[in-house]
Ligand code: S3P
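There is one chain below, alone, in structure tokens, taken in the form predicted alone.
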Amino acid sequence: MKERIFLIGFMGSGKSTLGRHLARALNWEFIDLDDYFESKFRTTVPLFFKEFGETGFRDAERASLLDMKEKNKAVIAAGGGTPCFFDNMDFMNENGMTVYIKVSPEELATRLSASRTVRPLIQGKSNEELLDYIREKLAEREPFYNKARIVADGETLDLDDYLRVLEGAGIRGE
């Protein structure tokens, strides 16, 4: 078994928060793919996106994802769109355990509305526009997200639940 966990899901689903807690509990490294990207390319995701467009961004994001093959004992939080391009989802399934943190559109809208993180894709949207945007994007992305080896309820499960599910899949910490 490859000792990598890829957390996938929509923005606001809790990938980074859960990832940090899982990594600590397993005594593994935590990698936020967006942070890794920014370090690798020495710029922010929004600036890179603005300069090179979505195609350029997705190519560079793919290169960052492929770098994860060199990581061992790592919990990796992928960007919300990462699984939906190229064969990224197949790559993650072949090179680790994939976990889709499934959260309802309504809960995502609540979390994103309350978040202090600036997210360019949703900035300036009313609550109704935000919910419509989330529903539309989830409909596009869920066919990819649902290819994950584990689909987990991101609204009710706690860290111990995730650790039990992962242990059942053969993943144990040090």
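Start at 1 and count along the sequence shown; that's the residue number. A quick note: this is a predicted structure, and the numbers were derived from the prediction, not measured.
What comes next is about the form predicted together with shikimate-3-phosphate (S3P), which does not appear here.
Although shikimate-3-phosphate (S3P) is omitted here, in the predicted bound form all of 45, 58 and 81 have a heavy atom within 4.5 Å of it. This chain lacks the partner; the member of 152, 166, 11, 22 within 4.5 angstroms of shikimate-3-phosphate (S3P) in the predicted bound form by a non-hydrogen atom is 11. Residue 119 is the only one of 69, 119, 50, 147 with a heavy atom lying within 4.5 Å of shikimate-3-phosphate (S3P) in the predicted bound form. The stretch that touches shikimate-3-phosphate (S3P) in the predicted bound form, counting heavy atoms within 4.5 Å, is 50 to 58, out of 101 to 109, 50 to 58, 22 to 30, 123 to 131. Of all the residues from 134 to 151, the single one having a non-hydrogen atom no more than 4.5 Å from shikimate-3-phosphate (S3P) in the predicted bound form is 141.
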